[in-house]
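Structure 1 and structure 2 below are two forms of the same protein chain, each written out on its own as structure tokens.
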Structure 1
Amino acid sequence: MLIAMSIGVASVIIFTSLGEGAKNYVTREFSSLGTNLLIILPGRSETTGGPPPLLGQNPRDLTLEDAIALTKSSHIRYVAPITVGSAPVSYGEKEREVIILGSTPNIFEVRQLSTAQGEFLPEGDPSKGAAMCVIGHKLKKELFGNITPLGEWVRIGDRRFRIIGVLAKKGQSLGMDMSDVVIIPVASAQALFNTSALFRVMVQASGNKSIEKAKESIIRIIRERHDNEDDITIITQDALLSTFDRILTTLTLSIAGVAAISLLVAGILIMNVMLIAVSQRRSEIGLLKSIGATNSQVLGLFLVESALLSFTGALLGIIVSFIVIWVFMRMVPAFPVTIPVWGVSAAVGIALSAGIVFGIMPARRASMLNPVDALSRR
């Protein structure tokens, strides 16, 4: 009984803790992008009325001129156009294939980056490329070791760029390792990859209250530039977070509900064992009633036993779950597992409720025994 109850309680706590950890992980990942962000994607993410899964057509690419036009809005603080590609980066005899991120100096503020050495891309006309770059912390270690790379020239694809800065260690952010990238001016990236289209545009609103107005400004400006066509998709950071939060909360509750079924199974096990105990303890029950114990006292005795079994099993489950979570945190330190108070409370509450509810039938049967028949083992 104790093992069954402890497994049920431990399962509920472990699954709710993993669910809370997943929500915290997603929140942390999006927070590392920056604050008050809007992400502009080319094309409309909506169905066109045909057979699924057809998506809205993309009549026009996002261009650097579109991004520059957005800077006119008073509700927008920074605009960071982004071009992304992959190219070999070489220095001497060493070469690495890494992500090349083309943008403007505004990406420094939008993505909350920092430099460990040197400086970031300087201000200037974004339509004019320059042969300069900022490399990630990991790439610096692999190409230069302990040598200072500032002022050195590296070859990216078929072009040469001078290193002016090294990013501080930042780690993974939504699948992109910012320690293993090269950032170059957006115009240079477009020339390198022979494209005039932008991968996306990241916009930082002037404040939290300006996000909706910034979104309206973006729609209006792009519509004017794209012949009155609404051919972009705008994703706000808060909308992404709330969507992920709802999804993960639903998954957490669903999995915890499945785990809670094992608590009901444990409650049924307690009922069966207590029914057996009533038949085996008939003499004890008869003796208690013969010396004056009332039906309610015998009923309370068996209910307390059921509750104690449930509570003890719940305590064992809490201990087991804490040990499992501790081991998991040591094995996967990057995943922020959090033990929610509501998860522990719910698990213990369900365990006690199951023990008491399923203990009522055996307790009632014991209280209704006739003392003479019980002492005579009939």
Structure 2
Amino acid sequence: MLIAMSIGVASVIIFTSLGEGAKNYVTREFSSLGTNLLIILPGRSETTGGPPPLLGQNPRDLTLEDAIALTKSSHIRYVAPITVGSAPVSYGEKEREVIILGSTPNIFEVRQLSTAQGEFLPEGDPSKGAAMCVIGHKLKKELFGNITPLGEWVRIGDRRFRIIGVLAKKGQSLGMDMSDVVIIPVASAQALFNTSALFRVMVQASGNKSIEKAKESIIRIIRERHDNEDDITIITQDALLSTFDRILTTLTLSIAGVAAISLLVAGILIMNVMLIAVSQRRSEIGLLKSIGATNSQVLGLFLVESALLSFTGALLGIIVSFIVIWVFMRMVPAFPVTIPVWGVSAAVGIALSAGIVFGIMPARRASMLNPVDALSRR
């Protein structure tokens, strides 16, 4: 019973904390992207601002020329076309399969990347590929250890690229581990993967106020280039963020609801325990009445007792959940779990009210006991 109560309280706290953590995580991921971003995906999505159409049939590919055309808009500061693929990267004997990002120097601005060593891809005509690359720091460690890789040549697929930079540590970004990638010029990537299509185009608007204007001009430019078809999806960072926020809040609340139900169950268990206590302690109740306890004093006594029971349970639950969350934070340090105050107070509040509400019935029964009956049976 105590255990049921503490499990209930613990799960409310743990779930709300994880929910908050997930929210923080998403927020952090998106803010690490850089600001005033728009993401252009090929294909039309029904819900604007919804999740990207992962399985959408692309009516028309987004091409590098489309991306270059976008740079003409005055509302757009940076355009980073992105091609993604995975290929084996080898240096000497060592080989690893990693994600290859094909892009332009703008990707460093858009994704707010910086280099630990060397430099970014050089500016230049994006449609001309160059055999140079920037690698993530983890990949650098794996392939080179502590040796400086700048100027070394690695083999990616069947081509050779010269390393000109190593990315600084940044951790996860939008689910992609930027420490384990190779960034090469977009034209080189298109040649490597033998495609002319882009995975997506990331655009940074020239300012916070020009996001809408940037969106309009993207739509206009692409429509012109795509025979008057609106066959792209534009996701703005804000829309994405608020969608995630909504989803996660719903999730958190519904999980908290489930946990709250478990607290109610614990309340019913408390009621049973108290009912048993009342029947086991009949003679004690009779005795209390014989020495002059009023009905309300007996009622109060049993109410306090069930409140204490649920309070102890709640306390145990808080301790358990804090331990669980602490362990979780140890194991997954990247996930920013925070224990929300409202989660803790809701859990304790529900636990206490469950204890008292479900304690009323047994307490009333105790107070109504006939002292003669209560004393005579032993």
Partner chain sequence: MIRLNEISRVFTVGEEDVHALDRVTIDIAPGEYLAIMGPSGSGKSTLLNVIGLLDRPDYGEYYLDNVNTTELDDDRQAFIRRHRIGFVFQFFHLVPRLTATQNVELPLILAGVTPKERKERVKKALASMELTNRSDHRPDQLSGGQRQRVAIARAIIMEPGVILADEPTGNLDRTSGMEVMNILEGLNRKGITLIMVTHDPGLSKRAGRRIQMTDGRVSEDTGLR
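The model shown is predicted, which means the values in this text are computed figures rather than measured ones. Throughout, residue numbering runs from 1 along the sequence of structure 1. In this text, the rigid core denotes the largest set of C-alpha atoms whose superposition between the two forms falls within 1.5 Å.
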property	result
Assignment: the form predicted in complex with the partner chain	2
Ile276 C-alpha shift between structure 1 and structure 2 of 2 Å or more, rigid core reference	yes
Yes/no, Asp231 Cα shift of 2 Å or more between structure 1 and structure 2 with rigid core fixed	no
Large Cα move at Ser103 between structure 1 and structure 2, threshold 2 Å, rigid core	no
Cα displacement of Gly349 between structure 1 and structure 2, once the rigid core is superposed (Å)	5.8
